[in-house]
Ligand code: NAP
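Here we start with a single chain on its own, the form predicted on its own, put down as structure tokens.
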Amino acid sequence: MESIGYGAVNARQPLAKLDFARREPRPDDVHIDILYCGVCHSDLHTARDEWGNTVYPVVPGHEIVGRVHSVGQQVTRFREGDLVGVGCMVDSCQQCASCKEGLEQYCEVGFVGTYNGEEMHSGGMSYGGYSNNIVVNEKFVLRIPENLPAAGAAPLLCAGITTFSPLRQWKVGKGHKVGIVGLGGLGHMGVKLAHAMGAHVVLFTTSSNKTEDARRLGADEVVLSKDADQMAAHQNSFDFILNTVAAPHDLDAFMVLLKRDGTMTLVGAPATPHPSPQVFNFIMKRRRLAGSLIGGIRETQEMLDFCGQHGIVSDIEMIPIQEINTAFERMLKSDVKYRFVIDMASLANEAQAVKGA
């Protein structure tokens, strides 16, 4: 199926308009016209082959919201016109223990990424949401609540579920004191979600100018992590800490803030390792350090429904697709509050302009 998008043909050149072919829809597929696509740091890593596994050409984008264009004859959950989403994965083996438990993100064969993944049936590569359309198996399509602004809902498909899943796994709720480390694309979603779950939310940041924004988003307190006195005032007091920072930093500074049996979960993935934490900070209080990766399809739908009930979307800056390379550079400088979202109408307008020229 003919498609157009913006992609990279190698690690050195900027993203540019790209014509490519998707598979023809199968009976269990949903064909989606893409309206909006969020911009994730993973998109930049992949486009520039910073993880060393990119297969070119690559079309990034895994925070996708669109309308159903058509469905295969075996599709039962969606119909033409539905507002739907596609997140970080578009297939998995469906047979392993993790898949059977609805934890496709931990598929023991390996899930198929929405882009730069090898499709299980055709053997071709998957292409992401910086494009006009996408074809996805019904099992990996999500329903977007119609009461949510579609553009603001797009980052929920990655940033939202990445923070929601550990908050749910460690049963965050009313009466819990929860720390969120970092106020970026992930962190601002963590604050919103933990607040909506009823927790007392403390935002840790290195920037004093983020205090007002953190409180607007739902933080009850803001702590400057570089201030030793502010940090010491919170020792042994947290039930749970969600660490969203994707740069190496001292984990011990936060481990000592956990109360007995408290857990800190990492969702930020730095390119180089964190300094190794001190073992005694674990064993003296039975503290735990954990990690978490997005969420399964069932849990992602739960997250979307939760956000629909509470009116939660990401804080976004809308851009046309033609500004994606500038957005990448700004993202590296943390110059966005808090997620770029591409208006894919800009791609259609470009195509129409070329056609009419």
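Source: prediction; values computed, not measured. Start at 1 and count along the sequence shown; that's the residue number.
Another form exists, predicted together with the ligand; not displayed. Remarks below refer to it.
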4.5 Å heavy atom contact, Val30 and the ligand in the predicted complex | no
Give a yes/no on whether Ser126 approaches the ligand to within 4.5 Å in the predicted complex, heavy atoms considered.
-> no
Look up in the predicted complex whether Lys210 has a non-hydrogen atom within 4.5 angstroms of the ligand, and give yes or no.
-> yes
Can any non-hydrogen atom of Val279 be found within 4.5 angstroms of the ligand in the predicted complex?
-> no
The ligand isn't shown here, but in the predicted complex, which of 232-240, 157-165, 118-126, 171-179 has heavy atoms within 4.5 Å of it?
-> 157-165
Answer with one of Met284, Ala97, Ala247, Ala228: the residue that has a non-hydrogen atom within 4.5 Å of the ligand in the predicted complex.
-> Ala247
Checking His310, Arg288, Arg67, His45 against the ligand in the predicted complex, the residue with a non-hydrogen atom inside 4.5 angstroms turns out to be His45
Could you run down 29-67 and flag each residue that has a heavy atom within 4.5 Å of the ligand in the predicted complex?
-> Cys40, His41, Ser42, His45, Trp51
